[in-house]
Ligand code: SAH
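Given next, in structure tokens, is a single chain: the form predicted alone.
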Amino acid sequence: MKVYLETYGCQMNQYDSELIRSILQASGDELISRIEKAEVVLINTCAIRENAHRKIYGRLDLLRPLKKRLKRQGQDLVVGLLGCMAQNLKQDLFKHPVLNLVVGPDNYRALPKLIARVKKQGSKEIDANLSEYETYRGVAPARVEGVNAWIAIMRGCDNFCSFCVVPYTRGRERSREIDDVLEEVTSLAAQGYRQVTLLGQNVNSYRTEGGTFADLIRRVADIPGMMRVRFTSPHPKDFPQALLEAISTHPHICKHVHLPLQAGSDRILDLMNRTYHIKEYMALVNKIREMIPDVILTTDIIVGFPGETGEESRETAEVMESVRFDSAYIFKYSERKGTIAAREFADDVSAEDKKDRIVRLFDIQRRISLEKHKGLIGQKVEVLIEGAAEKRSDHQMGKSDGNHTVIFPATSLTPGSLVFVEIMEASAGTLYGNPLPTPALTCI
């Protein structure tokens, strides 16, 4: 059948969509790029924030005309909702009239038979059972061409932060075997990928008989042809010394650490079940910067968690000023069905207060990011070329080791090549510069 697949949410969802494509192609289905030609529409979803839910319901509404048109032609459009939202809401999703298939993140192997059943019987099908073992071993992701490849090294999460739905939508932690990951990375290098990003809800928890996450990332970075290795996300509660040593000493492991803060108040961190306080977080920041002086630090912050006062929001602002993150993802708290926070706390911070607080934190981070970026003017940074710049003709774009977006006049070098760029201008989000005549290294 002709299948159209859309993906929303995090990098893990992007990786899962590559698994889904592989599973469907192996069963003989055709993945197409035009939705109006589809017999099957699959939407791989996120459940982290309310805005993600609204976006998906809006997308389902837009499918009504297509479903009606096919119905008049004697056909039925199979519409499936996959991923975290499917796992979180399950049967409730069938209240939407266009939907006839719901599949959770651990059940993608069943997609071909479920789609066939819906198509043949006109039934509504659901498979949203969490697994203790599924890691999709043996499924080679069907990837989109590019320079970077996402690799899930583990699935699930055991942390149970009170605001987070992930343990309920992706289950308990399961780590892939090291040899399985290395085989995938070796294949990617042979295909011309020059960067991999290792994914896990908490990569520090990665454990197999073969070793820890620090062992894994070193071995990945040693694979010939793989120029850069990134990872996301670690948890501040258990950041191992061995991982810091790997980042600081291995030339292919990027000097970039995404270290979620979430809040600057110890009381709110306790309510979030984050298991660390600001003193411990700051000690870890200092340790990271001591061992990796040129490290790029980024973070996540939640605004308006239940019970957060104006003073506690200002404490978060103070931590941001003290740490001076290079960038930050800042979100308003959004109650998620089934989480500890939804069961135990009232969402009592007003929408107006949330808006005021997020604007204030955005302004702080924008100023800090701009100051840091301007500090790079006149410096030479090594850039991995990703392709043409979207908004500047005759320019290319790529990423620095620290994951800065860098735009520069087009060269003869192709995506996957490394080039030094002298930074000439900077905004809060982007660096602009001129490529130096001799590239650092060209990957063939």
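Remember, it's a predicted structure, so these values are computed and weren't measured experimentally. A residue's number is simply how far along the shown sequence it sits, counting from 1.
Separately, the form predicted together with the named molecule exists; it is not shown, and the next lines address it.
> Check residue 49 for me: does it contact the named molecule in the predicted complex (non-hydrogen atoms, 4.5 angstroms)?
Yes.
> Using 4.5 Å between non-hydrogen atoms, is residue 374 touching the named molecule in the predicted complex?
Although the named molecule is absent here, residue 374 would stay clear of it in the predicted complex, with no heavy atoms inside 4.5 Å.
> With the partner left out here, check for me: in the predicted complex, does some heavy atom of residue 333 sit within 4.5 Å of the named molecule?
Judged by the heavy-atom cut-off of 4.5 Å, residue 333 is in contact with the named molecule in the predicted complex.
> Taking the shortest heavy atom distance, is residue 238 within 4.5 Å of the named molecule in the predicted complex?
Output for residue 238 is no: heavy atoms all beyond 4.5 Å of the named molecule.
> Only one of 114, 164, 185, 319 has a non-hydrogen atom within 4.5 angstroms of the named molecule in the predicted complex; which is it?
Flagged contact: 164.
> Just one of 264, 141, 260, 306 has a heavy atom within 4.5 angstroms of the named molecule in the predicted complex, so which one?
When the named molecule is considered in the predicted complex, the option within 4.5 Å is 260.
> Tell me the stretch among 208-216, 128-136, 334-342, 281-289 that has any heavy atom within 4.5 angstroms of the named molecule in the predicted complex.
Among the candidates, contact is made by 334-342.
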